[in-house]
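First, one chain by itself: the form predicted alone, in structure tokens.
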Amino acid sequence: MKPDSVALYRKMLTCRRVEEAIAGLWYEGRISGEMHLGIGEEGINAGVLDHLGDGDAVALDHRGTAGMVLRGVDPAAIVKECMGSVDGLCCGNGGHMHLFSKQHLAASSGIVGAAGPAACGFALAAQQLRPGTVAVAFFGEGAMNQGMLMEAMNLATAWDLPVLFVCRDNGMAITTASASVTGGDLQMRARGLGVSGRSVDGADAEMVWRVAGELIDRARRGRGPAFLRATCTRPEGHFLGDPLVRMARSPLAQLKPRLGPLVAAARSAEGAPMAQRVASLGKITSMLGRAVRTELGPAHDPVRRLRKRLTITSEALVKLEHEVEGIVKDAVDKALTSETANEKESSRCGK
């Protein structure tokens, strides 16, 4: 079975444009606080969620905006929520990390690893109330070191829950290289808890679609939980304004005020041995090098990669892309109009 690549591309592009629009609003100061986006993960999100239907549920992490869009949540409601609007998806109380839609059986949490237990709850409900439906949990590889996630996998195996655990692996746990704090192989770890799994290139949306389809079908047929590890690259780092990304993009401007303190610390008569200081500077240099390499190129960008494979006319492709951009623009305009109206109402009421 093959995916509808054109439909898959449309979904991925919609996610990309929605998150780019949110990023633009954040840089304009219309959205406060940290902002975690899933740009670079579109192949994983769309490749997995394309298999879900009515009655299926999804537990998301702090990068939940794309998942919500793919489950059919109104993009304008999501943008409003990110802006803290009272008529946002969660009345402005959740922000981008705690999105919830009962209608779509979709919920996100900013607590690392929480998607695992939440998905088990969804899957138990599916098992008891909606036979044949499944639940999906999304999380990063850093969450694999959280006890609650491993406990959730253990419970899913013990109870034969219809749940797919999706690990989006970009090799970094915030600014720490995952390999330096994680022992063993993640797929083997899941297998040790009784959860069979597969690994895929998350930038290849069609590959993700095929493998995810097999694992989700397996869960629907009552054969228990599954684990999918998908590698990916996030060009914006852990969050918008990530200092490593800023230094990678503007090394001279960003490093100039930091070089003095670094050199002074390295030459200080007090503190750690010189060998340890040199090693620390080496780690910093390594992290910066990794940040430079994470910029999305054609090989690592799932949206651009799938676009090159499409077998449709250039006219049809341009039409599709214009339609997506129009939908996203309308959603943002709707959110901004609503925000202006709310500000006027608050002013009128003396709030």
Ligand SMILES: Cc1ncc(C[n+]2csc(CCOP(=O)(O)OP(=O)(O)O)c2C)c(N)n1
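Note that the structure is predicted; figures quoted are calculated from it, not measured. The first residue of the shown sequence is 1; numbering continues from there.
We do not show the form predicted in complex with the named molecule, though everything after this point is about it.
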query	finding
4.5 Å heavy atom contact, I174 and the named molecule in the model of the complex	yes
is_contact(R229, the named molecule) in the model of the complex, heavy atom dist at most 4.5 Å	no
Contact of E141 with the named molecule in the model of the complex (heavy atom, 4.5 Å)	yes
4.5 Å heavy atom contact, K80 and the named molecule in the model of the complex	no
In the model of the complex, segment of 43-51, 316-324, 57-65, 278-286 with a heavy atom within 4.5 Å of the named molecule	57-65
Residue (of L124, L240, L105, V112) lying close to the named molecule in the model of the complex, criterion heavy atoms within 4.5 Å	V112
Among the candidates Q146, Q187, T157, Q254, the residue which, in the model of the complex, approaches the named molecule to within 4.5 Å (heavy atoms)	Q146
Any residue of 208-236 that, in the model of the complex, places a heavy atom within 4.5 Å of the named molecule	R234
